[in-house]
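Presented below, as structure tokens, is a lone chain in the form predicted on its own.
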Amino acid sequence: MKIVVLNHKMNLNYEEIKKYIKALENYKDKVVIMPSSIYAGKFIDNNYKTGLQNIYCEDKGMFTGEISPMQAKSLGIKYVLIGHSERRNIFKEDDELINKKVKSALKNNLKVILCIGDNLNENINEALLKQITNDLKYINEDVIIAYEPVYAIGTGQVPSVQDIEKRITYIKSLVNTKVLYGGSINSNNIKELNKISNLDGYLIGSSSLDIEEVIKILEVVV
């Protein structure tokens, strides 16, 4: 079964979260929810597979505002997203920090979803090779890769199925792991995306906020 990760980013208020949990009740075994961290406990209490959108690289200490892998594990978190382009671009996280985060998360037995991607006017293979090499330096454990072309996130600009398949094939030639696709996934393009034979799942952003969209996507994927 394909992995479907729903990344809420910094969206939804508490009342909306309660409605969301109830509305997806019959689909909870088909998704991994990545809500804002303050809502993670609500999803765990309702038996959803739950992940965090970000994590720090230390188990404890004077790091105001951060969440440690140890804390996440103790709450019942199963997955963690590391290296999303918004973390790289907005919060200036570099490959060295991302590498530390991956190591710390794995040490605490969290399932890591590492985000990598390319920008327009960039050599795609070189960009992906650099990120994979640096982000997974000295790491032998299994890590799920999420390939997200940066220009496709929230823009509606989705690469062709053929181009995505080439990228997935290239990534899998570098590291033997499951690879997800992310970037402007919706109910209109999911049937076409689902034709990609070597794709192991999806990382869904904006569409994850709309319950009807989520259900339409899941009906195609699973």
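On a predicted model such as this, the values are computed, not experimentally measured, just so you know. The first residue of the sequence shown is number 1, and the count goes up from there.
Although not depicted, the form predicted together with ligand 13P is the subject of the following passage.
Checking 145-153, 87-95, 104-112, 121-129 against ligand 13P in the model of the complex, the stretch whose residues place heavy atoms within 4.5 Å of it is 145-153. Ligand 13P in the model of the complex comes within 4.5 Å of no heavy atom belonging to residue 18. At the 4.5 Å threshold, heavy atoms of residue 185 reach ligand 13P in the model of the complex. Put simply, residue 205 is close to ligand 13P in the model of the complex: some heavy atom of it is within 4.5 Å.
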